[in-house]
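Quick setup: one chain, the form predicted on its own, written in structure tokens, and binding and motion questions come after.
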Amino acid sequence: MKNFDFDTFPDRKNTCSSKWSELKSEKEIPMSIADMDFRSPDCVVEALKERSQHGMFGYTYVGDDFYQAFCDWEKKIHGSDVKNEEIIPTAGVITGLQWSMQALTGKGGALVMLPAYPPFLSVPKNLEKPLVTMEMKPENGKWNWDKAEFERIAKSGKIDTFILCNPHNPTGRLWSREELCWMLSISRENNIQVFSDEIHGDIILPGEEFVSVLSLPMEIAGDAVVLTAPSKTFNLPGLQTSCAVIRNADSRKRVKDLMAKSHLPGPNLMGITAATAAYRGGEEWLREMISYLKENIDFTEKFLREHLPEITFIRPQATYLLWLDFRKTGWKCDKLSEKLRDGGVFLSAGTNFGKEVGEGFMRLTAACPRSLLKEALERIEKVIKQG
């Protein structure tokens, strides 16, 4: 097994990094944006070098190599059979979500489970669709949801859209096969279009199982739109390459037609090059990254237990995100954000994920060198103990 270096990373300041740019001071540690501070796999870097040396960067299209690499990855990693023609390459998962929602749904409401990744709250509003929410709650060491409430909303006639986050951002919860089949069956029975964001679906922690909607029976999930990308898996978001997998031929045509009429660009040349290389050669890197990530989560859990027992989190099953519960400190998100940033740590405020349900929570991105994580946690400790 090759050993990859996750303990060091190049300085990202002054590189147009969104995560490392808007800081209060040069010493602030940003752990807000879901962007890993790990260097991408060597296979990606080498593929980009080779392509750049060709020296020609004219108009291009997505070739068969990318489609085959993606289909092979889905089959090997998730047991999903995907055909080339079912894939619509897009510049981003949220881009694919908004345009496919516009093409496939009307003005009915969009159901989102809270807490929710902020774009899931804004995309329905962009399309003038009412936002309908239901709250997930921490119970018995897990983020739970109310099946009866889901069914009531689905049968109300007020929604035509369900945005599923699988795995869930920000809690890191995984949905079981039984849960997914039930949700999609209820949605299908009530003419609700399902959009499943599976962008974190490759980052599954040891001992856990991810079930892709693409692996479910066609009679249940055949009409769903599945959105995914290599961007979280291999730290490639700046290369803007994603996929919308749409198995229903009529739905796929409607989405393609709308995107074409809108002159919406697809992925760029270097993004396709990087994604293809990652899907073909990045599996070993991913396995070691997940192992390192697990140790980071173990470290955080131990640190909080020993130094800051008032701050807790339910251990995620997937993703590199930690949904930290600061409510026992008595501080709300506005104060938490201000105090923590003054203390040199930038976390995502929980209220961005739902104003009421996220109050008192902060999201931390744990995919970084352990030394950086340790320094951030020590700064948090100092802020909380100083009051």
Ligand SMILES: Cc1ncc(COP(=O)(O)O)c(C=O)c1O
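Just count from 1 along the sequence shown to find any residue number. Source: prediction; values computed, not measured.
One more form of this protein exists, namely the form predicted in complex with this ligand; it is left out here, but the text below deals with it.
**Q** Check, residue by residue, if I314, D325 and F361 all come within 4.5 Å of this ligand in the model of the complex, counting heavy atoms only.
**A** Spot residues vs this ligand: no contact at all.
**Q** Does the 4.5 Å heavy atom contact test between C165 and this ligand in the model of the complex come out positive?
**A** The answer is yes: C165 has a heavy atom within 4.5 Å of this ligand.
**Q** Does any heavy atom of E74 come within 4.5 Å of a heavy atom of this ligand in the model of the complex?
**A** Result no; E74 lies far from this ligand in the model of the complex.
**Q** Is there any non-hydrogen atom of G108 lying within 4.5 Å of this ligand in the model of the complex?
**A** Judged by the heavy-atom cut-off of 4.5 Å, G108 is well away from this ligand in the model of the complex.
**Q** Applying a 4.5 Å heavy atom distance criterion, does N169 contact this ligand in the model of the complex?
**A** Close contact exists here: in the model of the complex, N169 approaches this ligand to within 4.5 Å, heavy atoms only.
**Q** In the model of the complex, which of the listed residues (I94, M136, I153, L286) lies with a heavy atom within 4.5 Å of this ligand?
**A** Contact residue from the list: I94.
**Q** Of these, A244, I199, M183, V194, which has a heavy atom no more than 4.5 Å from this ligand in the model of the complex?
**A** Only one listed residue qualifies here, and that residue is I199.
**Q** Okay, which stretch from 211-219, 80-88, 116-124, 246-254 lines this ligand in the model of the complex, with non-hydrogen atoms inside 4.5 Å?
**A** In short, 116-124.
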